[in-house]
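Quick setup: the structure tokens below cover two forms of a single protein chain, split into structure 1 and structure 2.
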Structure 1
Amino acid sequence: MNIYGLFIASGLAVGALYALGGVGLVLLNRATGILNFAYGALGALGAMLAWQAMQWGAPEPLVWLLPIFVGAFFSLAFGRYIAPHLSQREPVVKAVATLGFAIVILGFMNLIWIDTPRKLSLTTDTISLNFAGLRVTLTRLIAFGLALTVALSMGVFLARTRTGLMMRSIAADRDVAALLGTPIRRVETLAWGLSGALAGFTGLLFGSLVRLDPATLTFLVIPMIATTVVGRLQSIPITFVAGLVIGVIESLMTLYKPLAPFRAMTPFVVAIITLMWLQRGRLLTFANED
């Protein structure tokens, strides 16, 4: 039982970070209508710069803050100077633009940091607590606790605050929101900044849990996007739960050798099954009409 508990705890930690990334993507999508494929690259850049700062002897509090500011800065830059020019374009064009942004960031990281073994070791990795006989590091607890806190707070923020209402109105109809006096540029800039800060912090925690490699961290955006697909790019609670489920399933699959090579497919499988389940009503309607 302990071995299963260990893998479940590990899966919850990674899944919480999938969920945290998914929440950041949903927040931005609900405010701007953009699915940010550069989210993983922003997190990777923050993690790599944090590692580099540690190599230069920077104090650890700075190491924790650096990815947050880096993610927010580059996200704000894109949201302030590039995204507004895409406001009237189709969603797929907006998504491709963020994909191009991700490729630029990844290319920069590959130019600066060659592919060598690295490890981002945080003080919280050396502190552990016992839960029902399982030793869980403080980093994993922070990942889960932060994801839960952010999911709850962002849900309340979007549903109950004036700024959250303005974000949702912009995503629904940008022109009408502008006519009603919504400060479009300011609200969208806030959304890009918040999402970027979450991306940077998510990248930092991922950097201490998985392989510290620019490409590996960048492509973690794929399971994050899968969580948003399950939540239909709108629901923060469902996105949070989807992240945890994907993380646990991925972790448990490593226990079974025949399935272990296919663990990377977990996000896609969960997303596809969910979409098929959500579309079951339409499929039944089509079948009855035939």
Structure 2
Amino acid sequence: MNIYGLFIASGLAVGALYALGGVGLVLLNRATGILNFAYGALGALGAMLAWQAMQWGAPEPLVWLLPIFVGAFFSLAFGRYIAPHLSQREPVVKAVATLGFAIVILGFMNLIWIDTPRKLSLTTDTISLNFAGLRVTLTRLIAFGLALTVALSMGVFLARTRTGLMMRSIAADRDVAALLGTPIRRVETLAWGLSGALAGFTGLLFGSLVRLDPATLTFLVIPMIATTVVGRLQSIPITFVAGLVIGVIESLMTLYKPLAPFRAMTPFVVAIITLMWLQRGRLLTFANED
């Protein structure tokens, strides 16, 4: 059996998670101009509630649907009641405000669910197939498939549909978009809801595939942001690919002993190098562009 094949397959499995998270972050950023630090926390909340529902004996389809609605609901709440107050602030301040939201959600989760080892077992965890010597569960395939689907369809949605166009125009300049008669409220609500639903579902998959722990899932948003940086917060396909590449590099580093302990740095190093490379040759920066 080829050891490289095994590690690449494993890297793709982990990379799919980065990709899925990154794609959702870029989607919201393109539609509202906000980088959402609370994305991981929304997912964590969805996953914890799904676990709770399971403990109470809820049927599994409900367990799958719950995080989607929970994510959408809380994301909408932020988008509806807090984000408008920040619309005049610069992008960094908007992003930092979402960190506040993340902390609120994390605090609630820690109050409700006392820290203890938990496991989210989905039926799809028990179905698996063999891929390059690696057993891949259906949950992992769903994560990969969802990331791919979102990457393909959202790119088209934003680029080709009228709603997508409106989303992009609002993200570019909210005031001008409003002057042009874009129904800001409606479009933004849609964007927040959509991205929240995605965050919740991502959280469910992460809760099963990574660890069902509120703090871990909340702060996974940081390496996810690394993939979006590679895609310059704009390109969904590039973010998708970046997630996979980061996952594979991280996995392959395991094979080289001296570098193996440092492999968790991969997302950050890849992001910095790409960003520097993308911005090469620029001499001046201008206030209106990043």
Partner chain sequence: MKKIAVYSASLVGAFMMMTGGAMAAPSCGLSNGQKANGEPIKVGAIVGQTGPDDFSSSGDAAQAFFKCINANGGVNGRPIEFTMEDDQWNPEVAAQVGNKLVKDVGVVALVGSGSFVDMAVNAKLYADEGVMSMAGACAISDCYESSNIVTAAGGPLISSVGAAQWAVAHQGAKNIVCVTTNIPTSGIYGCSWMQKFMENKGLEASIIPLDPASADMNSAVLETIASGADTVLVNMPGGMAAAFLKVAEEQDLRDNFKWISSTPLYDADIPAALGKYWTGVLTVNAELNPIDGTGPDTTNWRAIMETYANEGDPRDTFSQAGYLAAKYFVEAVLKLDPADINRASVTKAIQAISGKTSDMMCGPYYVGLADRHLPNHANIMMQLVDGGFKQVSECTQVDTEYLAPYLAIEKEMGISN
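As the structure is a computational prediction, the values presented were derived from the model and not from experiment. What we label the rigid core is the largest C-alpha set whose atoms superpose within 1.5 Å from one form to the other. FYI, numbering is relative to structure 1, first residue = 1.
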### Query
Pick one: is 1 or 2 the form predicted together with its partner chain?
2
### Displaced residue check between structures 1 and 2: A9, CA, 2 Å or over, core reference
yes
### Query
Cα of P261: shift between structures 1 and 2 in Å, core-fitted?
3.0
